[in-house]
Structures are given as structure tokens and as C-alpha cells.
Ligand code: NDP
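Here's a solo chain for you in C-alpha cells, the form predicted alone.
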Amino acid sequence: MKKINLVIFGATGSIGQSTLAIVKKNPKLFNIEGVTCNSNIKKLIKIAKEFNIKKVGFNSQKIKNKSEKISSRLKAYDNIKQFQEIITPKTDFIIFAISGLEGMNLLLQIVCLGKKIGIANKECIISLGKNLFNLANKYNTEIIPLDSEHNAIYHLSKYNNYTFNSVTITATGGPFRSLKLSKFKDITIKDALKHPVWKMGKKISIDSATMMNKALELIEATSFFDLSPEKVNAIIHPQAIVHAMINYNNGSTTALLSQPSMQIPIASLFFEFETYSKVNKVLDLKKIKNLEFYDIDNKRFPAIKLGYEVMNEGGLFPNTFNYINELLVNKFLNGSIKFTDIISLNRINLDKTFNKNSNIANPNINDINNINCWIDKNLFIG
């Protein structure tokens, strides 16, 4: 059997680690051509050694020109602008798990290669929107979502070939689902990083705590599945067993249920979704007993309401909403603003941005870069 040639952008993060776990269970099926990280070079070299990988890439100024950290047997790429060179004509799959917008140009480059891409970067999808998928269609590139919610919709729609009315994605509610509103002003960085279900990086953990992650996922769903804002919705489901639902015109709904494991959507890239057996045991609902569902409280999680406003505006608004959030999350993580400021300041900065800049209905990469540069220079944090 021909081996699957694989490149993993973002190998040291949770998506990369889940991908490597699948490779480890199926060593004869995979050849990893290259792996990258942002700055965790020690972990990256360990991965390269374990899986006999020849190419590594990193993107941190802190470790540039420190060649002693890179084994002589490895070909090293020390800038994200070079990462495309890791891909070869033989590459079958690319895992794109670089967080944030820094990988946007790289994503546009690899979409032009006609490979299969498993993507776990909602920020780039939100900012590029239809332009990304139009480019993928032009080059016959298949983009498959790795977020559990969107991967569930992808497979539900694939195996249930009917016209559906809307989609519903679920959210655990994060660490503050039951916290009194009066205590939100006292939330610390440590508190916000404690997700009750998923083990994730800092940025996405904060996004989950504010529910910004779900607002962004709703926007992502409109682009991925070509849906209007009123056709996407989210509910709180603390057990994280139901990942998404498709709602039909006749009042019926299909749902995808599984234990919360990123190996399930990632494995669906390489194997028939319903047959791969090396991930989790069969879901036993008798042991789980209770599956709970709740409306999202807009007072507790104002990101959702703001997200719908952004979706309805369209154009540059989704990118701006997303980019401002990236900057504000960094401000929170370095102690410059409070947890509750992340969403309130996003609204203020959205208004400020479009009081000074025109919205563009179908923005290109230059439009996106220009407005992001403007935001960099004019971000208001009080």
C-alpha cells in the first residue's frame, strides 16, 4: 500500500499532536515529510527524531541564527515565508494548524498546489472568506475542516445528501458557564485558561472562555458551507458529545455524537470516516446518561450577538472583528486589559475602524492587510 506523504504545519500544538498520535498508531501508512512550529524548537526536534523527519520549520526571532539547536541531519526553515518549500510534488496531505492570521499568505500559497488540506485555522477562513474557497476550486484543492463542529457538519452533509434548512454547532460554555456575572470583573488569566473539556493553546482557550471562539466558528460556517447568517446557530452543550446538527425543512435533525477527541476529525482525512477504529471506544450513552443543552446568554457572552452583527455587515467586518480579537487577547494575556474588556473593546474598535475606513464587499488580501495595518496603529484599549 502506498504511504501517505504528510506535512504538518503546527506540529507541536494540540492538532499536530493528535495527528502524530494517529501516525504512531499506523506507522506503515505514513511518511511525514516535514513539520513546523512557532517557537517550541526543542519539542519539534524531538518529533523529527521520533518520526525520522528530515525537514523542520520554525518562526521565532528568539531562535534564529542559533544553528546549534538544529541537528545537522535536518533541513531547517527559519521563517514562515519559507514553509512552502517543505511541500514536495509527492505530498498528499497538508495539516494546516498554524493559529491566527500570521499564516494567511502561506495558506493562499498552498491552496494553489492542488493538495488536500486539513485546516484548523478559523481566523484565515474568516478573513479570506469566499476568496479562499474560490481559489481552492480554481486549483482543485480540497479543504477539509478539522474543528470538531465543522468536521461534523462536513460529514453529516456528505452522508445525508439532502437540502437542509440550517446548522447548529455546540459550545461547552467554557469555564464561566455558571459563574455569577458580578464575578466576571475578577477573572484572571489563570482562570480563563482552564477549559473544562479541551486541552488547547492559550489563544483559543481565551476565545473559548469569552465565547468568541463560537462567534468565529459561526462566521466560519457561513463561509465553509455557503450559508447566510440566519442559517447558522449555536447552543451550549457542556458534555461536548454532540458536536453539530443539521436541521431539515421537515422539522427533523441529524447530529454527530462522539467523545471529545480531535483524533476523530483528523483521522477522517486519511480513512473512511465510519470505519477507522483506532481512535476511541464506541460511544456508550448509558454511561453518559445526561446530555444537556442551553441557550447562550448574551449578557454573559456578548461575543455571539456581536458576531451576528458582523456577519450581517459582511465584507471586511469579519476580518476586522477577528483581527481586533487577536490583538485584544494578547493584551489580556500580557495584563494590559481585563477579561471583560476583550469583547467590549472589540465593539468600540469596530466602530472606530469603520468610522475612518470604508467597508469593502469582496476584500482581497491587500484590503485585509491594509485595514489590519490601520488597526495596528489605531487600536484603542482605554
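Numbering starts at 1 and follows the sequence shown. Because the structure is a prediction, the values reported are computed rather than measured.
The same protein also exists as the form predicted together with the ligand; that form is not shown, yet it is the one meant from here on.
Q: Against the ligand in the predicted complex, would residue 97 count as a contact residue? Criterion: heavy atoms within 4.5 Å.
A: Yes.
Q: Contact between residue 39 and the ligand in the predicted complex at 4.5 Å, heavy atoms?
A: Flag for residue 39 set to yes.
Q: So, residue 310 and the ligand: in the predicted complex, are they within 4.5 Å at any heavy atom pair?
A: Heavy-atom contact with the ligand at 4.5 Å: absent for residue 310.
Q: Heavy atoms within 4.5 Å of the ligand in the predicted complex: does residue 83 have any?
A: Residue-level check for residue 83: yes, a contact with the ligand.
Q: Considering the ligand in the predicted complex, which of 117, 262, 107, 169 comes within 4.5 Å of it through any heavy atom?
A: It is 262 that has a heavy atom within 4.5 Å of the partner.
Q: In the predicted complex, which of the listed residues (202, 155, 177, 237) lies with a heavy atom within 4.5 Å of the ligand?
A: That would be 202.
Q: At 4.5 Å between heavy atoms, only one of the stretches 97-105, 135-143, 183-191, 240-248 reaches the ligand in the predicted complex; which one is it?
A: This holds for exactly one stretch, 97-105.
Q: Across 6-36, which residues bring a heavy atom to within 4.5 Å of the ligand in the predicted complex?
A: Going through 6-36 in order - heavy atoms within 4.5 Å of the ligand in the predicted complex - the hits are 10, 11, 12, 13, 14, 15, 36.
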